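Quick heads-up: it's one chain on its own, the form predicted alone, in structure tokens.
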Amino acid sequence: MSDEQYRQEIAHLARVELHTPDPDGTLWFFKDLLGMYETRREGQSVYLRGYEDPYQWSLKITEGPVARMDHAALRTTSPEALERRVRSLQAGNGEGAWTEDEYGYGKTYDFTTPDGHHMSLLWEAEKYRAPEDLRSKILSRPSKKPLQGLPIKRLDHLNLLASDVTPMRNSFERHLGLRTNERVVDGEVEAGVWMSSSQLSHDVAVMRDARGARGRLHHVAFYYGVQQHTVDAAEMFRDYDITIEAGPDRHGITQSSFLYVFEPGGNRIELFGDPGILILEPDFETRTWTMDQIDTGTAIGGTNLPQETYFTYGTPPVPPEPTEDGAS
């Protein structure tokens, strides 16, 4: 079979591990404000899931000296798809290793992106089975909607920062079979790409790191499914002193409603109000935005994404560039 016949072999983003220097604050944010269920504790880590996440956990919070992403894992569409994608990564001289040490997941291939992010591919995942008191009457819902905070439904997508976007795009297209749905170019340079292997607008995005750093996280996004919930969440965050970076508004790129905040540990979190555009066409053509269109691309409603953070801040944080007089 041709490579094209094997392209859609990534099902979705299955899990993300975040490190935080403020584990109590970070857990309060995700459990009390965003209504995630705790499913396990082990050492310095706590495992969480949204009420529509299908597996034992989608978010692992680990205490660490700085805010950062430890790793993110994509689930393939079959065991055979996993093997094919691993062979492609290995043929591209990518370093990797098989592991099987994460609660609720089986055989996993760990690899490093061209920019240094730690990623994984897996197929084996233990489905969440709710205890009787959490069992939902809605049969397609793994657990009841929590009665605390403004509960998110599930993990949605990942946005990575990279010193150079194009090698990341090339690698994800070639080895993971992702499709680039939209991109931003600054002259001849790719400033951002939004990629998926499903009908979603993106499972993974990559944006140019304005600091020139490697392997950083821009944000992890969680899905509400209702735009009004981002407005309600903004009110909740104001009352509970969570820093709102931007929104609520709607992106032109992906057409999704958004709200960006910083959890107490310092990682940027996006609350995704709706799915945005769904890619139903099998021959969908990549949309290319230019910098003179960036205001509409970033926010249709006129929100100004703050230059001092949105295009420069990522985790782990890096020091500010010194000015000409030597000050920071």
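Numbering starts at 1 and runs along the sequence shown. These numbers come from a predicted model, not from an experiment.
Absent from the display: the form predicted in complex with a further copy of the same chain. The rest refers to it.
Only one of 123-131, 103-111, 167-175, 185-193 lies within 4.5 Å of a further copy of the same chain in the predicted bound form by heavy atoms, and it is 123-131. Between the options L27, L59, I269, L33, the residue in contact with a further copy of the same chain in the predicted bound form by a heavy atom within 4.5 angstroms is L33.
Contact here is defined as any heavy atom lying within 4.5 Å of a further copy of the same chain in the predicted bound form, and by that definition not a single one of T99, R216 and P317 is a contact residue. Looking at R87, you'd find every heavy atom of it more than 4.5 angstroms from a further copy of the same chain in the predicted bound form.
Remark: F222 does not count among the residues lining a further copy of the same chain in the predicted bound form, judged by a heavy atom distance of 4.5 Å or less.
Interface residue remark: A91 is not counted as part of the site for a further copy of the same chain in the predicted bound form, having no heavy atom within 4.5 Å. When contacts are judged by a 4.5 Å heavy atom cut-off, E95 does not count as touching a further copy of the same chain in the predicted bound form.
Residues of 8-25 lying near a further copy of the same chain in the predicted bound form, listed in sequence order, are Q8, A11, H12, the criterion being any heavy atom within 4.5 Å.
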